[in-house]
Ligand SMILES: Nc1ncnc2c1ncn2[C@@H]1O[C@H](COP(=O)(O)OP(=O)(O)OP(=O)(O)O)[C@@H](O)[C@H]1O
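The chain below stands alone, shown as structure tokens; this is the form predicted on its own.
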């Protein structure tokens, strides 16, 4: 089983209008509540790839109930811890410019944290836990890291979609894959680079520090995969990028879901690149037909 973890999911209240006049009454052309969260995005792509998965995290109140209802409607399995506080609502305003107002998130008690950690007792060898998205203010900053010893003791694999020192701190536990983009990779080491070979030297350092696989995404320029044996490159798919939200989650989901079925990181990279591009080319998380349409463009070349 693959478990996706979204500890701070949200109902995104999406408002569409032509223009926002500050200080005045504005009326929308359209509005909708949509279940949101990086781990939930991963689950959506895994479902499109027909990979069994369960969404974990915390939900509460009437907003949490609506979020779970929407996941059920999409046939996404979930086993959230129910909390006493409400799941947050984020406001997304689509007008002449896009504006987002993201809530901090609910308060989570020690008892609720313990209930979540009890979920880890169900893990077994071969399972994969994908942790992504922001923490609520009430969770300790090392929350994800605190779960890693238990995950590894169960013989399961993990992915933490994070950046900076938080990413570095996971490497000793040997994550299945990490996915910095080229800017994040440079920031990790406090350097700048212009050439792929220099960039790959720093990506190799992450392998040496413990990562099992390293994907470096470069938006429309494609990406690289480094494994313990080889380095691969894939050019970016050709299309009109209309949405950056969820593209990285989709790339991770494509890699993890494919690796789960095949144990082949190269094929995981190919499918991951297709999933990321397909989501970038649509206004929502991609569906299977959109992924299949992009897939023939993704050619993976071994460069070393």
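Positions refer to the first chain, counted from 1. Treat the numbers as computed from the prediction; the structure is a model and nothing was measured.
Omitted from view is the form predicted together with the named molecule, to which the following refers.
Proximity of 57, 82 and 107 to the named molecule in the model of the complex is absent: no residue of the three has a non-hydrogen atom within 4.5 angstroms. The named molecule is not drawn, but in the model of the complex it has a heavy atom within 4.5 Å of residue 220. Contact annotation for residue 244: at least one heavy atom lies within 4.5 Å of the named molecule in the model of the complex. None of the heavy atoms of residue 253 is located within 4.5 Å of the named molecule in the model of the complex. Although the partner is absent here, residue 265 lies well away from the named molecule in the model of the complex, with no heavy atom inside 4.5 Å.
Comment: 173-181 is the region of 201-209, 119-127, 149-157, 173-181 lying near the named molecule in the model of the complex, near meaning a non-hydrogen atom within 4.5 Å. Along 258-279, these residues reach a heavy atom to within 4.5 Å of the named molecule in the model of the complex: 273, 276, 277.
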